[in-house]
Ligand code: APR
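Quick heads-up: it's one chain on its own, the form predicted on its own, in structure tokens.
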Amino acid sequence: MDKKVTVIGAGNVGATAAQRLAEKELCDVVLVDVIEGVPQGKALDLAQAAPIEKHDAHLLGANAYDATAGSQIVIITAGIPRKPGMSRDDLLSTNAGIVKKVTREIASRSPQAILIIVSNPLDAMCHVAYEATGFPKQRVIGMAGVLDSARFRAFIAMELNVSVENTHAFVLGGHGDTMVPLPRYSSVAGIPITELMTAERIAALVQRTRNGGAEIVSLLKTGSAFYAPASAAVEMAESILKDKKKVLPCAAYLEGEYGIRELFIGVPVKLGAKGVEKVIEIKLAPEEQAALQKSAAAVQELKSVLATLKY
């Protein structure tokens, strides 16, 4: 194929992202991991599924970065996952070091690549990648809002017993406890959910969305979510590879939009071949704007901690 996407990290999220990319026949895929044999074995396994799944994407596993040269997109899932009782913030120091090393390796071989950051704590890892690579802000994007919005959409569909295809939702802010689901902008076939359920039920779904990742961690006990995060990253990659210009909620670097400066925050953006082609500013009610500012403050706190760390 004429397009190449590299996935860094061959764990559950990375391997599932590689699978989705190949089966959608979006690109050839290079799967990279530091553990010898793991990316090679998973890439070979996926290649052997290709005749059954009917795609001709090429998959390559590697422990080094030379094979990644010339990638249009790099999806970064590398890092240690959350464990029960562990917050995203606990991951900060360890994963910052990993993301810094990885993104520098990528930048030296694919200087025009667009980075999709999945590693947690996501908003902070976007800052690490942005500073380590020196890439323009349009080419460093965090996968958060697509996942959080998908969770909100799934819960809306479950609650109302309707097709997920009819549900639409927006979740803004940081990827964590301070995220900002927006019921006013969430709908079923164009009907605002505020017309379809009580304020109490909406509040319950909002809280479940905020707790979406932790709920899965508590159930799995030995890992964290991977199917939905992988799908979210691949939806972003598809919009970029096909220049679809989808409007999706992603962690983007803001320079005054929504009254926020020099932070990666989840907002609606237009995603096309150049990465973030536009930040879409929607009108927020005072309480929604206050919640977004609170979320930005939490991201700022992480960024401030990063500045004190040696990683």
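The shown structure was predicted, so the numbers you read here are calculated from the model rather than taken from an experiment. The first residue of the sequence shown is number 1, and the count goes up from there.
This next part talks about the form predicted together with this ligand, which is not shown.
Taking the partner from elsewhere, no residue among Ala144, Val234 and Ser239 has a non-hydrogen atom within 4.5 angstroms of this ligand in the model of the complex. Checking Ile98, Ile106, Val188, Ala150 for any heavy atom within 4.5 Å of this ligand in the model of the complex turns up a single hit: Ile98. Residue-level contacts in the model of the complex: of Pro183, Gly212, Gly176, Gly79, one residue has a heavy atom within 4.5 Å of this ligand, and it is Gly79.
A residue is said to contact a partner when one of its heavy atoms sits within 4.5 Å of a partner heavy atom; Tyr65 meets this definition for this ligand in the model of the complex. Within this chain, Asn166 is remote from the site of this ligand in the model of the complex, having no heavy atom within 4.5 Å. For Gln300, no non-hydrogen atom is located within 4.5 Å of this ligand in the model of the complex, even though that partner is not displayed.
When contacts are judged by a 4.5 Å heavy atom cut-off, Leu172 does not count as touching this ligand in the model of the complex. Checking 31-39, 274-282, 47-55, 246-254 against this ligand in the model of the complex, the stretch whose residues place heavy atoms within 4.5 Å of it is 31-39. Using a 4.5 Å cut-off on any heavy atom, none of the residues of 158-189 reaches this ligand in the model of the complex.
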